[in-house]
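Same chain, two versions here, written out as structure tokens and called structure 1 and structure 2.
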Structure 1
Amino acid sequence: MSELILQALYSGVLQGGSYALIALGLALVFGTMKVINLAHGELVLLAAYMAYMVESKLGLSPLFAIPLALVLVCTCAVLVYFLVSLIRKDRELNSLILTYGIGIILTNAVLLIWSADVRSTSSAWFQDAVVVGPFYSMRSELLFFVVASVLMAGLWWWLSRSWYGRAVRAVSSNRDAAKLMGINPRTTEIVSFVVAGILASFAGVAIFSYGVIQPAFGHALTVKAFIITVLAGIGSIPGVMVGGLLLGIAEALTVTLASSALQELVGMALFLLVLFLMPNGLFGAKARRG
């Protein structure tokens, strides 16, 4: 039993890395514009289908789909931004309706183009087992956990050290004060959407490399990203990383010790528990001031 639990913890950590990568894009956009992009999961899914298309039509590794996914997903992310920016009244509420509608459009576009069949990679290289001590995983899981860790560290450096990263933090903290300091909020918001698209592109290719995809999967990814953002606390990038790992571990332990039917339920249970006990999240504003 202890070996099963340890293996579940290991698998949960690897899965949590991808979850955190998905949630970082949602958290970044929300922190900058106070907009919850309910089409974010569909953008991740779009990148996953780019990987499927490159593998099935061109016979290439899904890794070669990353440049194509970056262009397509970032373009869609910028289009979402321009549509959201047209909202002048009650942006927080109306943007939810708008991005939800965009998500439905993207889901049905994927359905029309690639049908409702479940897709997965046929690459033996990605599916091969990798042994790390007493633990087992697919090569793709371990590879993209490393990629996710590098991207998260890069994002942390970018937000802390680069001019645009500091501009994103300034707009997130106080939009009017940032304008007085010479920062263009519109440009900064576009940059945050592009960065979110970059993260979504890598996350989508990762999901296709070790899992299965279908058109309705985008909504589930958005829900997971939102749960992690709430767990972390608004504005906490390290919290998003920890929240993703917590959700991944919780789901893996639930599947191992209980039933796979309860896998989605445990995320919602964590979501409600944190809302009741720690409304600001595990690493929210109050926790950081302390």
Structure 2
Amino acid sequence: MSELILQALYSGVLQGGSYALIALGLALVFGTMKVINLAHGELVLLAAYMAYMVESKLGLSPLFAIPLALVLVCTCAVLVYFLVSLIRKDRELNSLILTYGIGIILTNAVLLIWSADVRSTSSAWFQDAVVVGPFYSMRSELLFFVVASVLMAGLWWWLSRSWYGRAVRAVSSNRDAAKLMGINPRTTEIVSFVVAGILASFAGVAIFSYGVIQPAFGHALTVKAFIITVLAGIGSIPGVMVGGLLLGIAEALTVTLASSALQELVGMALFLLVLFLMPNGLFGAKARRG
């Protein structure tokens, strides 16, 4: 039994790391602009398809897709930003619809270009088992868990310690006041989108190398990312990490201790529970006075 649970915890942690990586880009943009980019999952998916192209057409390791994905996905992210910044009224709601529309466009474009087939890496290297004591995992899971951890730690350090991080939070808190401080909100926001694009690129290549992709997959990714962002509390990077891990572990434990059919149920229940007990998320700022 303990062996089962240990493995479940391990799987959960690895899975949680990948959840967090996907969620991070969404959380960053949300924290900066209060905009939920519903096309984020599609951006991740786009990167995954780049990996597929590099592997199937060039015969290279999916890792070589990262530069290509960075260029394409970041360009798309900046495009999304420009569209969002054209919104004048009711940004919070309208951007939701706008990015949803972009998501539809991307999903269908992916469908038209790559068809509805299921794709995944065919390189065995990524899937080989790595066994450490009682812990089993795929090589790619471990690899990208490390990559995700490094990215997250770096981003966290950057946002909490650097002047740029301060600027991000200032812009999201009070745009006009931020301008008075010498901050160009547009630059800040674009940088956030670009960083989100970078994160999405890595996440996409990671997914392709240990999971399965399909054109309709983007939406599910967005929802997962969104849930973790809300769990985390707005703009909290440690929150995203903890939220991702919590979700991953809860899912893996449910499968192990109860039924695998209940995995999603438990994820949702956990989400509701955290919201009831901590309405601002795990790491959200305290409720504020009016």
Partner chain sequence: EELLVGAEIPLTGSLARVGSGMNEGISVAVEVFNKTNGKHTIKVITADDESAPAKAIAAVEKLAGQGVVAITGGYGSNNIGPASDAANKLGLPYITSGGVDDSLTERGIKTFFRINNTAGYRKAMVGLLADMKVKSASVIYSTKEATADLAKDVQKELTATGMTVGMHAFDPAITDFKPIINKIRLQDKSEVILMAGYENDYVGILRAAKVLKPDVKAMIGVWSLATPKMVADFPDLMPSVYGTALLPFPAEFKSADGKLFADAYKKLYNKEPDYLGQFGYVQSMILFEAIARAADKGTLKKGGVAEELAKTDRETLIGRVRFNDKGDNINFVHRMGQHQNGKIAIVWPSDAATGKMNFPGVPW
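Rigid core: the largest C-alpha set superposing within 1.5 Å between the two forms. For numbering, take structure 1's sequence and count from 1. Just so it is clear, the model here is predicted, and its values are computed rather than measured.
> Which depiction, structure 1 or structure 2, is to be taken as the form predicted together with its partner chain?
Looking at both copies of the chain, structure 2 is the one that matches the description.
> At a 2 Å cut-off on C-alpha positions, does Val13 qualify as shifted between structure 1 and structure 2 after fitting the rigid core?
Moves: no, less than 2 Å.
> For Ser162, is the C-alpha shift between structure 1 and structure 2 2 Å or more after core superposition?
The answer is yes; the displacement is at least 2 Å.
> Comparing between structure 1 and structure 2 on the rigid core: C-alpha of Ser172 shifted by 2 Å or more?
Moves: yes, 2 Å or greater.
> Report, to one decimal in Å, how far the Cα of Glu264 moves between structure 1 and structure 2 once the rigid core is superposed.
Value for Glu264 between structure 1 and structure 2: 3.1 Å of C-alpha shift.
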